[in-house]
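This document starts with one chain, in the form predicted on its own, laid out as structure tokens.
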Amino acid sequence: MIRLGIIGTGGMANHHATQYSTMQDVKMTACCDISSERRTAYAEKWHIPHIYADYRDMLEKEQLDGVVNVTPDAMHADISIAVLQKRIPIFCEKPLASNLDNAKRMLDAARRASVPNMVNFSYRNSSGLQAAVEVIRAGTLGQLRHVESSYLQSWLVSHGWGDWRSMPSMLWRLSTQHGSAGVLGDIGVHIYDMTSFLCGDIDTIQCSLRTFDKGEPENRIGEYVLDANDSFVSTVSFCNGGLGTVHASRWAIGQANSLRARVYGDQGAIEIDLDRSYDEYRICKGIVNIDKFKWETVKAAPTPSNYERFVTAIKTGRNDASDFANGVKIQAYLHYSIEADKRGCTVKVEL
């Protein structure tokens, strides 16, 4: 039986619990949260026997096979490092940390502990994405030439997710004082991961970040100063020679939560559109189809979820591809996107 401890019992922790509760050989044996109300309600809902207010107490007293870190971004580093110092496998929510230095500290701790470590880039749950990655890595598209990827939402100009002006869960995402890195840190992290998963490592980044006027007096609502970026556009070059654009926005009217990537090589092209399907991709390959601009839709076979892959990593002692090393790379893409915007030029990604 795999015994898991959950640190942080907010909304995303319930999604984790939903997944683990379906696995016969996994049991959530402990949970921790600074809020007495949250941790008690969570433990009752998911039948967790041991409850803690301090994660250090949990790590000291519990016999755990793995820990899931579902705390706010700024707490990821200290908590994950403490878990790794106990040589316990760790599954951390994205982004890996709140800055590149902390992400590197976490990777160093993971390497010293030599236990499985993983970051929950949730869109890797898509079997269509997993299958498309395998097709590209097999060389089906030939040499990478051009990439276009985007993550588009519209909650700043739509009430589809509620009225952001009255929702703290939305307002904090617009305020750097509340730990937000804007759309870049919130959803840019996903589209950078999806793009590099498909296309390989990014070598250089040129980026523009933009914060738009939201029509609020003094650009604030209560304690929230609305100064975090709302949109970003990056031009990137890949280590394999390809060129691409990566962009995200919360102002994309008509888009609820749309992720799409189109990858073009010199022998074929692939499109992933998670707004349309999680278990499909489109491909154009072969001289007949290329000359006729014909695309085929491919249904992908089911693949393990991130949660299942973390449990497998615990059992085998082998890291998943979405490990802390990958998390550091994605953190670097965020870091150098900000640097490129500040400097107004193309910057090289250095790890």
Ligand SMILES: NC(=O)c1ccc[n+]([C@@H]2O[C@H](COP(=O)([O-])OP(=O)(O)OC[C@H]3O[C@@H](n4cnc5c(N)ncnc54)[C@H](O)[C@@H]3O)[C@@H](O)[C@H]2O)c1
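Every value quoted in this text rests on a predicted model; they were computed, and no experiment measured them. Position 1 is the first residue in the sequence shown; the rest follow in order.
In what follows, reference is made to the form predicted in complex with the named molecule, a form of this protein that is not presented.
Enquirer: Please pick, from Ile290, Ala41, Ala321, Ile34, the one residue with any non-hydrogen atom lying within 4.5 angstroms of the named molecule in the predicted bound form.
Expert: When the named molecule is considered in the predicted bound form, the option within 4.5 Å is Ile34.
Enquirer: Work out which of Ser196, Ser149, Gln153, Thr71 lies within 4.5 Å of the named molecule in the predicted bound form, going by heavy atoms.
Expert: Spelling it out, the residue with a heavy atom inside the cut-off is Thr71.
Enquirer: Is Ser231 a contact residue for the named molecule in the predicted bound form, using a 4.5 Å heavy atom cut-off?
Expert: So Ser231 does not count as contacting the named molecule.
Enquirer: Give a yes or no for Met75: in the predicted bound form, does one of its heavy atoms lie within 4.5 Å of a heavy atom belonging to the named molecule?
Expert: Met75 belongs to the contact set for the named molecule.
Enquirer: Does Pro89 make contact with the named molecule in the predicted bound form, using a 4.5 Å heavy atom cut-off?
Expert: Close contact is absent here: in the predicted bound form, Pro89 is far from the named molecule, nothing within 4.5 Å, heavy atoms only.
Enquirer: Looking in the predicted bound form, any heavy atom of His178 within 4.5 Å of the named molecule?
Expert: No - in the predicted bound form, heavy atoms of His178 and the named molecule never come within 4.5 Å of each other.
Enquirer: Given the stretches 233 to 241, 115 to 123, 202 to 210, 99 to 107, which is the single one in contact with the named molecule in the predicted bound form, using a heavy atom cutoff of 4.5 Å?
Expert: Comparing against the named molecule in the predicted bound form, the contact stretch is 115 to 123.
Enquirer: Just to make sure I understand: among 1 to 29, which residues lie within 4.5 Å of the named molecule in the predicted bound form, judging by heavy atoms?
Expert: Those in contact are Ile7, Gly8, Thr9, Gly10, Gly11, Met12, Ala13.
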